[in-house]
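Okay, here we've got a single chain as structure tokens, the form predicted on its own, with questions on binding and movement later.
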Amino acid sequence: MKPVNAEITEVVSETPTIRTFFFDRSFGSEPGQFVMAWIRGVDEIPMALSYNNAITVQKVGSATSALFELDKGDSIGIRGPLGKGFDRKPGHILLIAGGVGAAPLAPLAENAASDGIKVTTLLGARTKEELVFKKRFERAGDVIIATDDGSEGIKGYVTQLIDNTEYFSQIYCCGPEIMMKKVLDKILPSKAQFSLHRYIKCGLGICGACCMDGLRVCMDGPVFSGEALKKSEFGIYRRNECGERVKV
């Protein structure tokens, strides 16, 4: 699959460290799918689609730093959408978002709400200023917030907000892997789905860079059921850019 040229039409600063890049084309994705974003001359990296025509990026490495240097009128290459998205369930769903993990969950919240599904979101970040897509989640349903420093909501981690999950028809989670592992340990795995971020090179299930106990994150995921993850190295090991297993 060759990348298509995507021109940046708008850049929105969501937080001091997170920006959304809108493009001149829509990718017709399902919530939870991702694209491979090619920052020319630097690297190609996996990014969740936060809108059908946008990615939301946290500045954490060389590729994202280079992307942050781009502005309206610049362009990058995009391959996708790729992978398996969320399996949406009726009833009353719970979303658990940590940091930039809110990116794939926000479109899920909006799509579910528009179809009459009740949505509750647990939204966490380090500080009030780092909360991502708060207004989008509020428009979709109830929102409960936790910040590490207590600047908004409760002081603590988003995992501390988890309570009485038996009332929800399905739980969806995305965020740092250590956080998601804590979520998995506190809920019934059979009714939960998690969106993983792993090192992905090809995005087509060929290279094996993203393999996790025989599962290819780029093809079998990035969304996995809690039952599948409970039996895996999720939250314990991941693979680095050399394919070596390292502790999470």
Partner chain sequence: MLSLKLTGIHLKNPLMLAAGIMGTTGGSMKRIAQSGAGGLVTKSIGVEPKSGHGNPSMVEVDCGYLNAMGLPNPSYKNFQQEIDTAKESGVPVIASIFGGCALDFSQIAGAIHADAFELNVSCPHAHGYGAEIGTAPALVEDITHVVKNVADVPVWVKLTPNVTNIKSIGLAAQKGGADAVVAINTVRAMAIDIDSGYPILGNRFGGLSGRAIKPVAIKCVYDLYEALDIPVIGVGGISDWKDAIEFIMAGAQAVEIGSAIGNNINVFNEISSGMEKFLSEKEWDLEDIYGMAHRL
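Predicted model, so just to flag it, every value in this text is computed and none were measured. Numbering follows the first chain given and starts at 1.
Note that the form predicted together with its partner chain isn't included here; everything after this is about it.
Heavy atoms within 4.5 Å of its partner chain in the predicted bound form are found in exactly one of 51 to 59, 177 to 185, 65 to 73, 198 to 206, that being 198 to 206. Interface residue remark: residue 246 is not counted as part of the site for its partner chain in the predicted bound form, having no heavy atom within 4.5 Å. Its partner chain in the predicted bound form comes within 4.5 Å of no heavy atom belonging to residue 27.
Within this chain, residue 216 lines the site of its partner chain in the predicted bound form, having a heavy atom no more than 4.5 Å away.
In the predicted bound form, its partner chain sits beyond 4.5 Å of every heavy atom of residue 19.
Along 1 to 37, these residues reach a heavy atom to within 4.5 Å of its partner chain in the predicted bound form: 1, 2, 3, 5, 36.
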